[in-house]
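The form predicted on its own is given below as one chain in structure tokens.
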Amino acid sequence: MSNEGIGARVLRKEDKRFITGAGRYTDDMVLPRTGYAAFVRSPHAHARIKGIDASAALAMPGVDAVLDGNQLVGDGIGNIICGWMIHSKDGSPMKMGAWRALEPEVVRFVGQAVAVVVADTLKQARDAAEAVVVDYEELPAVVDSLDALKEGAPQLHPEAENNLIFDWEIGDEAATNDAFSKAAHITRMDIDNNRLVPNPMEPRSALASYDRAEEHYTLYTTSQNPHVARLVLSAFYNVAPEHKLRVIAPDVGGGFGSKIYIYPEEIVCLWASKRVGRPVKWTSDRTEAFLTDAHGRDHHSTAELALDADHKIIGFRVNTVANLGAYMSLFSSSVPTYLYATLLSGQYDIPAIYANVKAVYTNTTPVDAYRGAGRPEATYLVERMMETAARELNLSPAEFRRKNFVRQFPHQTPVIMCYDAGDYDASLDAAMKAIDYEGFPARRAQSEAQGKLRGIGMSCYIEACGIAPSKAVGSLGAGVGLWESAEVRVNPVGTVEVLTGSHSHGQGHETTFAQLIAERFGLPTDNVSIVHGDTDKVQFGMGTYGSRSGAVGMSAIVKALDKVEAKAKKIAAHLMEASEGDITIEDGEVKVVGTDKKLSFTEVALAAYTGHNLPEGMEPGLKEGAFYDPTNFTFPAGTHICEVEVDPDTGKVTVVGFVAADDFGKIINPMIVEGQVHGGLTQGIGQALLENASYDEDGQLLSASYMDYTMPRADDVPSYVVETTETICPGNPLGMKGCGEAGAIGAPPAVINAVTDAIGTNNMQMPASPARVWMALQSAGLKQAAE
């Protein structure tokens, strides 16, 4: 009997190469005659390009070419697009400014590429890039989204008057206003969601090669979705015909959303490879990553929560201004709209919700999906409001939430989503028990005796994963379908290859996907290989983001397995002269129920390929494919509780306890789920306490290195307690919901709620750095003294 199926803590197969330094990343790839690219980037946030003088660079040793935006546009390379159409509330389409892979006219953020040097070595390319002289006429810049909307602000794109990309709404404004007119209590807050830089361990990289004989392109790249990359490069950017372009994403060292998109560098490397007649390779350094990788978050919001006399929520009203940076990235428009506002109901039964979202251009790095993508922004808003309302009414934060939980399923929210299943009380109970919520007053007293302030805060989050179905997202403006594909190939000796359109960049797919085969056929996971990340091997797929690999990607595998199993049973029934209905497959054997007749799985597979004795009319072979398009989103949910201790003399916050109680539906591998949760929690704590992408008024990124952008380290986080509850998702065959983003969604409000509880003032925006906490304490002390 295989002990590696669903629910087993199977060690990750891929870790052998990862932890021994044998991973195969894009920068490890080597092709003969490779040239190296270095980009000439704008030092200005906003400037007109008056001219480029490359003569000195071209005269330097080893330099093949210096290419600029005029040449790129002249060769017909298309503009970078946003793939999700949003319409303003007046019906007008979003205003998408032109974004060229090399800008020939006006740069709009520091780090934007204006030219590329290709040389024999990386050092030669970088030296030559510094020798390229660009004549800029500097223009006024604007970096804050609220300032960008003001009359007289610098204008980024002629298409977007007053820098407004769209003015979008969701919900019932009249019903929400009516609820507020009847409210017994209204909680109001201004809430910012700070801008983040993704910082995956592996920086972006591209190796492009053009084969003149075959007129064929190959791109090795750090991508979460290589098939979508090929689609966009061919259909929209006119780099190469789709059937003449192979995109390979080998091992990818983290993505967190930032590697979903096609960036200028990949486009330029492909184009330059044909231009210079040799492979072209580029790997970002960390400063380039800070300047050019899509940033996350950056919302200014005003929120109002209306309650009746019984402390039930009767209305929620939100106004958000979302900073999308200098250009619209691939999925940027969906993040502050359908991935954000549709989750504003949280876990709560709110009869009336209205949200208005304005998306704005600024002279900053483009903003797009980052771990959670809209869901963290929504949860932070909702859970800060819930905590604040409870404090204003002197209610237990836990019981106030419990009073307003959704309890009947399915539950249709006022903002599109229909929650299919959940038990929010169970997660809340599990979290409160695990952190010993009742014992907190005693722990607070102990901290006070030591001169420290102690606080506790919670967050009851919900998210929407497995973004689907395709018909629904298409009606909302998505430019692609969000199904997934799979092919299961049983080889003649009974080993199995699974080809999946999902992509792994640290999630452990090579293990968990193999566990499905172990569960279905009783084969050891070592007999299973997972193939992904290569458009020449897997026909098409939508990649990995939004916690879709389990609920969508694995469901496609299950559909293919159903077909393989059905055919295998037909063959076995024929060979053993039995009825198909009496055939079972388990423990690597195919058996006739109630008899001692059996064949090994290998014998059945071999029979399928020899073809000597198959049922009449059956084709040889044992290979089946499937596409899976979900019927609904999945809705992971849970309660996170954070406990902190604050040093009032320095403002330093120490997270002394953190419990995450999550409902992910069916769990394939608990060990891998716990790892995903740990990583997400660490990113969430990083946002709450440490991380912040900060610009000066001229658009210079002040936090463009690890000297100035504080990443969480091991001593910044506690030993997490991870609990799980389970309600089965009815929308997919495995009952899965997704776990990859939960930590980053639930942690930030739990941390800030704990910090504000500790210091006794609600006036705190992220990140709650020591300086901010100390200043808040001083302000609170002065206010108390004055009173």
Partner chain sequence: MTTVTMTVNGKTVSGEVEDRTLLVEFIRENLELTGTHVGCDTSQCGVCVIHMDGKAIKSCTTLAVQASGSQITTIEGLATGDELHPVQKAFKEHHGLQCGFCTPGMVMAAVDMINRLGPNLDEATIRHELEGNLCRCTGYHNIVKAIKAAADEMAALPQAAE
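Residue numbers count along the first chain shown, from 1. As the structure is a prediction and not an experimental result, all values here were calculated from the model.
Below, we turn to the form predicted together with its partner chain, even though it does not appear here.
Engineer: Could you tell me which one of N79, S705, N177, N238 places a heavy atom within 4.5 Å of its partner chain in the predicted complex?
Structural biologist: None of the other options qualify; the answer is S705.
Engineer: Counting any non-hydrogen atom inside 4.5 Å, which residue from G625, P250, P198, P154 sits next to its partner chain in the predicted complex?
Structural biologist: After the contact test, the surviving option is P198.
Engineer: Given its partner chain in the predicted complex, answer whether the residues I672, P712 and S719 all have a heavy atom inside 4.5 Å of it.
Structural biologist: Looking in the predicted complex, the three residues I672, P712 and S719 all sit within 4.5 Å of its partner chain (heavy atoms).
Engineer: Residue-level contact is defined here as any heavy atom of the residue lying within 4.5 Å of its partner chain in the predicted complex; does E448 satisfy this criterion?
Structural biologist: Judged by the heavy-atom cut-off of 4.5 Å, E448 is well away from its partner chain in the predicted complex.
Engineer: Mark T595 yes when one of its heavy atoms lies within 4.5 Å of a heavy atom of its partner chain in the predicted complex, and no otherwise.
Structural biologist: Contact check for T595: no, nothing within 4.5 Å of its partner chain in the predicted complex.
Engineer: Given that its partner chain is not shown alongside this chain, does G83 nevertheless sit within 4.5 Å of it in the predicted complex, heavy atom to heavy atom?
Structural biologist: Outside the cut-off, so no.
Engineer: Although the partner isn't part of this model, could you tell me whether E510 comes within 4.5 Å of its partner chain in the predicted complex, counting any heavy atom of the residue?
Structural biologist: It does not: once its partner chain is placed as it appears in the predicted complex, E510 has no heavy atom within 4.5 Å of it.
Engineer: Have a look at 110-118, 676-684, 598-606, 492-500 and name the one stretch with heavy atoms inside 4.5 Å of its partner chain in the predicted complex.
Structural biologist: This holds for exactly one stretch, 676-684.
Engineer: Do any residues of 201-226 have a non-hydrogen atom within 4.5 angstroms of its partner chain in the predicted complex? If so, which ones, in sequence order?
Structural biologist: Contacts from 201-226: M201, E202, P203.
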